[in-house]
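Take a look at this one chain, the form predicted alone, written out in structure tokens.
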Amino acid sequence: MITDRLKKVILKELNLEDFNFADDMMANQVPGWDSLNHMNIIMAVENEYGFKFKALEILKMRKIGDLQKAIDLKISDQ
């Protein structure tokens, strides 16, 4: 499940008022989420949560739920 915290970061980066995210949703199903905004979202998430993703971790993120899982793993490792 996508947390409100992650949702706020994504909405802010994409300049969206609101959007119903689903774990199995691909980035291209979200208005404005292209390859450039993907990197902006990753950087915004890193800034919000205070950690950095490795390149391989980013490449493994296929769905929005994968991003949330990666965040959860990073938080649990801190």
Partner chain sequence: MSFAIDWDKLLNLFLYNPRDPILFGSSFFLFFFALVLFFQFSFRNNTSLRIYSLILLSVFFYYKASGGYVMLLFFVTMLNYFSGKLLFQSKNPTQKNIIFTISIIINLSLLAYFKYTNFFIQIINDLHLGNLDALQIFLPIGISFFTFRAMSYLIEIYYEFIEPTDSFRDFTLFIFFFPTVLMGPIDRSSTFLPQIKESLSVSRASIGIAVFLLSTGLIKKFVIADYVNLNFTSRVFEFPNRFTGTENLLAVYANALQSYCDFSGYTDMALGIGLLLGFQLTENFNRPFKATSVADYWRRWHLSLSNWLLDFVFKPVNVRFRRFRKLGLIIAITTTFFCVGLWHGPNWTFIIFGLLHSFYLVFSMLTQKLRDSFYKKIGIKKNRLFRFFQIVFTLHLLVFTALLFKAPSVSDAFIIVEQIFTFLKPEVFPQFILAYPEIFGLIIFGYVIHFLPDSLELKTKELMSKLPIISLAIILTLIIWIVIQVKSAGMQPFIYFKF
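Note that this is a predicted model, so its numbers are computed, not measured. Positions refer to the first chain, counted from 1.
The form predicted together with the partner chain exists for this protein as well; it is not shown, and the discussion that follows is about that form.
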{"query": "Residue contact check: R62 to the partner chain in the predicted bound form, 4.5 Å heavy atom", "finding": "yes"}
{"query": "Touches the partner chain in the predicted bound form: Y49 (any heavy atom, 4.5 Å)", "finding": "no"}
{"query": "4.5 angstroms heavy atom contact with the partner chain in the predicted bound form for I58", "finding": "yes"}
{"query": "Q29: touches the partner chain in the predicted bound form, heavy atom cutoff 4.5 angstroms", "finding": "no"}
